[in-house]
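Take a look at this one chain, the form predicted alone, written out in C-alpha cells.
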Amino acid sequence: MILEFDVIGHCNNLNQHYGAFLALKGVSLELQAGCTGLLGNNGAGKSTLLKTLLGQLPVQKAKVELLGMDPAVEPLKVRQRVGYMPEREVYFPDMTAVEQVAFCGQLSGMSRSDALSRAHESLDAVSLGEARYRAVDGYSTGMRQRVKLAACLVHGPGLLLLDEPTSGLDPEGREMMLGLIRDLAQDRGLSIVLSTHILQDVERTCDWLVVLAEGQVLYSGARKQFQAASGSRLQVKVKTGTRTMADLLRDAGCKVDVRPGDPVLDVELEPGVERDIVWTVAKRAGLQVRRLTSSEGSLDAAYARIMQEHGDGA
C-alpha cells in the first residue's frame, strides 16, 4: 500500500510520563512520507514516542495524529495500517515462522487463509522462505529479527515503525537488514520510521531525520540539511607548500588534517564558510591548487555538534 500523505504524522507539545518521570518533554514534530531516522542515545525517548504513535500509551493535553487518525481515539485502526517491529524479542518458541507471522496477520484482522497466504509472501520478502517451517526458537538472532520484520509486513501496511531493527546483529545480519529496509522504502514505496542509536544505519537508509535527547526534539527535518549545518568537507591538493597551505587554512578557521606521506589535505569548513576560502588563501600565499573536491558534512560530526550544544555527553 502506497500512502497518499506527504506528512504521515505529527504531534504538538506532547508530554509522556512514567509515574513522576517525564519521558517526552513538549515534543512537536512532523513525520514525512519516506524513510525517517528517529535518532537518539538509549533513554532518549524513542520507544516511548513510537508507542504513543501506536496508541499504546495514553495522551493528555496534546495533539497526536498518524495517517490522518488520532491513535488515542482509534488505536486499532492505526495498528491495522501500521506495521510495528518492537526492539524486544517477541516470538512463540513452539511456533514455526509461518505460523507466527500468520498469527500476527490474524491479530490485525485478517482471515486465517489470507493471513497464511500473506505470511508466505512476507517470509519470502525477508529471505526466510526456505526456513519457514522451522521453529523460531531455533533461529539465529538475525533470522528472528527478520521474522519480526515479516510479521509487521504481513497485513500490508503503508507505514512501518522499526525499533532498533539491527540491535544485536553481526555485520552480515546488519547488512541484510539495512538492505531490506532500503528495498522496502525505495522499491515498495513504504514509509518507514527507523528508531536507532546507530548513526550509520540512518545515514545509509534515511532521507528525513528526527533527533531526540532526554525526551526533547533537537532537530526535525531533512537529513542532508542537518548534516550541512555541521559544515562541509574538502580535499585540497596543492602543487607545492602543503604544510604552508594547511597552516594558512587553520589560521582562517578551518580544521585541517594532513595525511602522512600524502599531499592531500582533509579540510572541514565551519558552517557558513564557503569553499572559496581555499582559493583566497592560495592566491594570497602564491600557491597553486591542483585539486579541490567537496562533500557534505558527516552525520557523526553534525550529531556530535548538536549533542554538545544540548549538553549531552554523547
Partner chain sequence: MNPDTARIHDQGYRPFKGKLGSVRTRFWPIAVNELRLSFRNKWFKRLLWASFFPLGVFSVLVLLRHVMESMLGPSQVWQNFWRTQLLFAVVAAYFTGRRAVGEDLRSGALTLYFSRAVDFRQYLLGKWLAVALSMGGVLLGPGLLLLVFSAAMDPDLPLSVALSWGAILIALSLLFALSAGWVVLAISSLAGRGRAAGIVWVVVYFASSAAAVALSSALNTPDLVSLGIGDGSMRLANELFSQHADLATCMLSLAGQVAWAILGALVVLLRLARWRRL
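Residue numbers count along the first chain shown, from 1. Not measured: the values here are computed from a predicted model.
This protein has a second form, the form predicted in complex with its partner chain, left out of what is shown; the following refers to that one.
- Checking Leu190, Leu218, Met177, Val238 against its partner chain in the model of the complex, a heavy atom within 4.5 Å turns up for just one residue: Leu190.
- Taking a 4.5 Å heavy atom cutoff to its partner chain in the model of the complex, the contact residue among Val211, Leu128, Cys152, Leu169 is Cys152.
- Comment: 120-128 is the region of 120-128, 219-227, 169-177, 192-200 lying near its partner chain in the model of the complex, near meaning a non-hydrogen atom within 4.5 Å.
- Using a 4.5 Å cutoff between non-hydrogen atoms, Tyr139 does not count as a contact of its partner chain in the model of the complex.
- The shortest heavy atom separation between Gln100 and its partner chain in the model of the complex is within 4.5 Å.
- Interface residue remark: Ser108 is counted as part of the site for its partner chain in the model of the complex, having a heavy atom within 4.5 Å.
- Within 4.5 Å of any heavy atom of its partner chain in the model of the complex lies no heavy atom of Thr244.
- Residues of 49-72 placing a heavy atom within 4.5 Å of its partner chain in the model of the complex, in sequence order: Leu54, Gly55, Gln56, Leu57, Pro58.
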